[in-house]
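One chain comes next, on its own, written as structure tokens: the form predicted alone.
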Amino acid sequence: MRRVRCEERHDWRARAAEVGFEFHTTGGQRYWDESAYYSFTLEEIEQNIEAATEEVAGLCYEAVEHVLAHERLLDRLAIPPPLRDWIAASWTGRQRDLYGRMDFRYDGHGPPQLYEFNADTPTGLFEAAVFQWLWLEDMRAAGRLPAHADQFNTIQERLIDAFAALAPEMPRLHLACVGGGHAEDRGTVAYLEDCAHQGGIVTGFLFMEEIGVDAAGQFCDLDDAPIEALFKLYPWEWMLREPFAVHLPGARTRFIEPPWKMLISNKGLLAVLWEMFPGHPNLLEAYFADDPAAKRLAGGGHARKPLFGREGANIRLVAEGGQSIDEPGPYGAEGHVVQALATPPSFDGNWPVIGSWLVGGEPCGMGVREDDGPITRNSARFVPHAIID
């Protein structure tokens, strides 16, 4: 694993406009950054990152079964009791999930170690699936990467196949995200809608604020048509706080991601996994913050994370000597986990995290985001990668 400086394509902004990549710059700060790329060997991808993703995915599915069988863990994850049977039914009924992103610490030497599993509403998808692949093709064509250079990236093909498998169960699919000018959310949903079309599903878009509930307690769109299936780029924990949450168990709507995904999109998963699989090489030691066992991490440094935290918000990193770094944000009232401190490697002051993508539970691609410090925030840059042996 190396970080390699390189010359940008002179027309990359025009290329972004061609494919609808409108959020390559946010708030005047570059989000897409091709002034460098990360180079990996095929062995690093296949034997380390891909293998770890597949392994941890299996552990997570075991964790779903385990959590559903233990009320204390449902309590720990702040799952409302009235919804627990509904969540369990989505698991036992084998409702398919679509996608997710595991964030790993990896430096090319030791095994990848899980920071967290973005299992419900991960973004960074379009740039991983599409735009970094176009970068690779352009760089090979220009002779600036060897012709045999490759990328860990079959994300789009797998998404189309996943939607095709869902098509018999949901011939029509509504897709939604919040309004208010969130370009990344809107771009992610537009990309998924295109993949759904290619998979043979009829789609319709609306904002979350436009979803209604009819007199029978069923979700409907602006035309009062029933929403039979809904992809929502809107976290389950936010859904459960909405007034319409009382209608969720009785609604006939099929959700993507399915309700059982809320059990593994919760940072409490990290403590559950360590309890179930202590010492696993792809996990970091972790506990619920109020667990007496969490004191084991007090002396060696730790990360404190809110159960429902997003994009690095409200994370506190405490070094072995007691020095701390805090990221502000609105989360934490729901509780925290503490995880053994394992900061990302630093490449000339750039701190990368590996985002390993799964579609239908299978690993299929990767994106690298880097920040100027050890906490990966919403301002982190997306940097392309290449496999070069």
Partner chain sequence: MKRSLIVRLALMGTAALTLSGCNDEPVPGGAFQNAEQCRTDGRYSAAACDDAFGNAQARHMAEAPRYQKREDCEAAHGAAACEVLPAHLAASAEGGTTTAATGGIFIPYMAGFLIGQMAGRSDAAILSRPLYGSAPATRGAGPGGGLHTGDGTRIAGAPGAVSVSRGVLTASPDKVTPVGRPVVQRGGFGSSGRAASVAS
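As the structure is a computational prediction, the values presented were derived from the model and not from experiment. Numbering follows the first chain given and starts at 1.
From this point on, the text means the form predicted in complex with the partner chain, which you will not see here.
Of the residues given (274, 91, 115, 234), 234 alone sits with a heavy atom within 4.5 Å of the partner chain in the predicted bound form. Only one of the listed residues (135, 152, 260, 106) places a non-hydrogen atom within 4.5 angstroms of the partner chain in the predicted bound form, and that residue is 152. Comment: 216 to 224 is the region of 294 to 302, 70 to 78, 216 to 224, 277 to 285 lying near the partner chain in the predicted bound form, near meaning a non-hydrogen atom within 4.5 Å. Proximity of residue 97 to the partner chain in the predicted bound form falls outside the 4.5 Å heavy atom cutoff. For the chain shown alone, residue 143 is not a contact residue for the partner chain in the predicted bound form, no non-hydrogen atom being within 4.5 angstroms.
At least one heavy atom of residue 129 is located within 4.5 Å of the partner chain in the predicted bound form. In the predicted bound form, the partner chain sits beyond 4.5 Å of every heavy atom of residue 33. The candidate site formed by 122, 191 and 202 is fully in contact with the partner chain in the predicted bound form, as each residue has a non-hydrogen atom within 4.5 angstroms of it. In the predicted bound form, 18, 19, 20 are the residues of 6 to 20 with at least one heavy atom within 4.5 Å of the partner chain, listed from first to last.
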